[in-house]
Ligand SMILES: Cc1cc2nc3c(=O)[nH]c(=O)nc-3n(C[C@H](O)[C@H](O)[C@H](O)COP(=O)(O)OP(=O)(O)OC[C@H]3O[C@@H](n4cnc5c(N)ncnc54)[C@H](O)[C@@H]3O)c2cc1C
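Read the single chain below, which is given as structure tokens and is the form predicted on its own.
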Amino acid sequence: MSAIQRILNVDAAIVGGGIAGLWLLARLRERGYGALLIESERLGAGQTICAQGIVHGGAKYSLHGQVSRSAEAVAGMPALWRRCLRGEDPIDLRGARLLAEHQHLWTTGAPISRLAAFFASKLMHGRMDKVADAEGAHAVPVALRHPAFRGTVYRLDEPVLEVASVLAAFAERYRDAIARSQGPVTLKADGTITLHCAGYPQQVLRPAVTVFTAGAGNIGLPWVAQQLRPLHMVLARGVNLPGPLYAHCLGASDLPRLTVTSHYDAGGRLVWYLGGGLAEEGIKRDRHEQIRAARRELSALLPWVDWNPVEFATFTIQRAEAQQPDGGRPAGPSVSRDRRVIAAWPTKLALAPLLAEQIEEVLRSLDVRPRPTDLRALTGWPRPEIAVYPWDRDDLEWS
């Protein structure tokens, strides 16, 4: 078979199989575009599988007493994701699993913590409400049901997702449009991409538009202005953990002092996944210092728990985003374009739908219209597996 016969024309080649690439693939396929996603590792490898799974609704971005641009960007995301999870949207995620219907936010006894939560609750009325005494103790997370607790608990309209199940739902529904390619995916000067996989003949793609949603991998594009903001995440596991917790703890700043989500590892053990201010500030600390800081923080916030038997592990991740003048977090998704090549970053997992909408608008502006594409040339081509959760990695050191 000649090289010319192997060329596959597609409307859009999406490079990168995290939440941004998968949501974009789903949106374009549901609208009739001949879109194909290419992943060189595992689906979700990198930022997506390390996300805490929170579909933010804007509460954490309103803690300084004003509705920020970030809060406005994510305001409608919980409702949209819930429609998808119920199968009431063309993006059908009924195969994905919710870990929690809502998140909570708790304040400490400090006046500034209570005051910030009060103002945020007024701004986010209907999406952040105080848990009333009349609702009973069952409405408060188990970890906070202690006579010594002196804070206030708010319920946030922010579901928490099992990220791997979201990836699997996309992978199952759009399996014929997802391909694995060994090694970095490069776009040649003639606009083509060649898929490589041992034991298979090379497959040449000619996309009308190429979209890079590869996170930190977007740095390979010479015209891309990208920034990396690192986090030093912490994992805690042990029988002493006081049940699952999905919550932000509010301190003195407009950044949550601690963000906790809960998961079960491959051995069925409960794991608390710790982010927020601990992870932001922890980038200055080595592993041992970060574990000591996590123990101090948990002991200060939940002193009624015996933390001595609990094991801890840490790892760092790089948040890849469009470059900002001050190096801060972008307010929303970012899309850059050089002719018919697009680089995109969702900023937050929750914003993947909004990013996909923006990219489709770019396709229309380039006069790329949906057309049927025969992908049978990729029948039998290897498909990427789902990435492994950080708490199940073999290279983590627990202590």
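All figures in this text were calculated on a predicted structure; none of them were measured in a lab. The numbering used is simple: start at 1 and walk along the sequence shown.
The same protein has a further form, the form predicted in complex with the named molecule, not shown here; the description that follows concerns it.
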* Distance check, His56 to the named molecule in the predicted complex, heavy atom within 4.5 Å -> yes
* Gly215: touches the named molecule in the predicted complex, heavy atom cutoff 4.5 angstroms -> yes
* Asked: With a 4.5 Å heavy atom cut-off, would you call Glu360 a contact of the named molecule in the predicted complex?
  -> no
* Can you check whether Leu231 is within 4.5 Å of the named molecule in the predicted complex, heavy atom basis? -> yes
* **Residue among Phe170, Tyr246, Trp106, Tyr273 with a heavy atom within 4.5 Å of the named molecule in the predicted complex** => Tyr273
* Only one of Ala26, Ile38, Ala343, Ala356 comes within 4.5 Å of the named molecule in the predicted complex by heavy atoms, so just point that one out. => Ile38
* **One stretch from 327 to 335, 363 to 371, 39 to 47, 26 to 34 that, in the predicted complex, holds residues within 4.5 Å of the named molecule by heavy atom** => 39 to 47
* Structure fact -> Those residues of 329 to 358 with a non-hydrogen atom no more than 4.5 Å from the named molecule in the predicted complex are Pro346, Thr347, Lys348, Leu349, Ala350
